[in-house]
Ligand code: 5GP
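The chain below stands alone and is given in structure tokens; this is the form predicted on its own.
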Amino acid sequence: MKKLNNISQIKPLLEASVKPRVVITTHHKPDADALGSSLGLWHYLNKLGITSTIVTPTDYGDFLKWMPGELEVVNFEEFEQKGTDLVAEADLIFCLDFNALKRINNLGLLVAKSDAKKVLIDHHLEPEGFEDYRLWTTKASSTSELIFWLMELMGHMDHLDEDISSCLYAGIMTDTASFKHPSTTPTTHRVAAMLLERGAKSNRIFEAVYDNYSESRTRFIGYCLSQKLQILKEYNTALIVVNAEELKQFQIITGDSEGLVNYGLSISGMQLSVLIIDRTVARKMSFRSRDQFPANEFARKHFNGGGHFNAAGGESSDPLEMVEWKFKEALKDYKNLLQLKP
């Protein structure tokens, strides 16, 4: 049976005299929307007198560490026992920006076993259905936009301050690629305007996210574009394949490959851009597409992945060369969808 949004039912839990113990978690290698929505919710709950802790499955990029409250985040990989205890003691667990417990790695096993009520707030396709309460729609630009909607639904817009607004604006800005993705709606712009009115500084947030990378990362991007970029003209596809040795050569750390896949779509005529990176434990893939090419379907069918229609990810345990070959073979079945519209 299809679950319906029932998020309004958590209001009594949030406003109870005895406050719940809350854990907030989000997906593996959090991006700006994952961390921004988590911190926005964390600040909001603080305003309600609710003590909560954000537990991320892994670390995240340094370009996100400007966000207010970031120092309070618990990295489960680094503090496994602390994270385990927090989940075990929680009454309420908010699951943000992911649709399946496998997206939070080993933390997912703990969440699944927990007696706490689970709240899903997400905008990805086909949620798994592990939650007790949900605020879910693919019509939202981002999970950060959904946290704004949550505050509206709860009647708590008076709590929207500069810290919450800054975190949520960062998430919306990045998940819409600076408001250029089709997911950007009039409502998205209205939400962004309200966040600016409540104190978010768009120029500072943009600079903190996009103009805050290391020299090695900048050289790595240049190397990938000059030496690793393949243009598969028959399929209007741009492909970059990076091996483990190249990651080591440029001292690449978490977050340094963020946005690299988007460069391919900036080339005239490209309908699909793909990044394949050898992360040693697995080969990770990012897909970005235009128009009618179903990036999520392609990722799910061929590379154990999924995501949004035009933005998805996948992975493989095969050797890097085999993954590249399989990708190019799989493209043959999608040639018609990759042709330019007249």
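Start at 1 and count along the sequence shown; that's the residue number. Values in this document were obtained by computation on a predicted structure and should not be read as measured data.
Beyond what is shown, the protein has a form predicted together with the named molecule; the following relates to that form.
Looking at Ser286, Ser52, Ser289, Thr56, which is the one with a non-hydrogen atom within 4.5 Å of the named molecule in the predicted bound form? If I apply the 4.5 Å criterion carefully, the residue I get is Ser286.
4.5 Å heavy atom contact, Gly61 and the named molecule in the predicted bound form: Gly61: no, not in contact with the named molecule in the predicted bound form.
Do Leu45 and the named molecule come within 4.5 Å of each other in the predicted bound form, heavy atoms counted? Judged by the heavy-atom cut-off of 4.5 Å, Leu45 is well away from the named molecule in the predicted bound form.
Could you tell me if Arg103 has a non-hydrogen atom within 4.5 Å of the named molecule in the predicted bound form? Yes, Arg103 is a contact residue.
I'd like to check something about His124: if you look in the predicted bound form, is any of its heavy atoms closer than or equal to 4.5 Å to a heavy atom of the named molecule? Yes, His124 is a contact residue.
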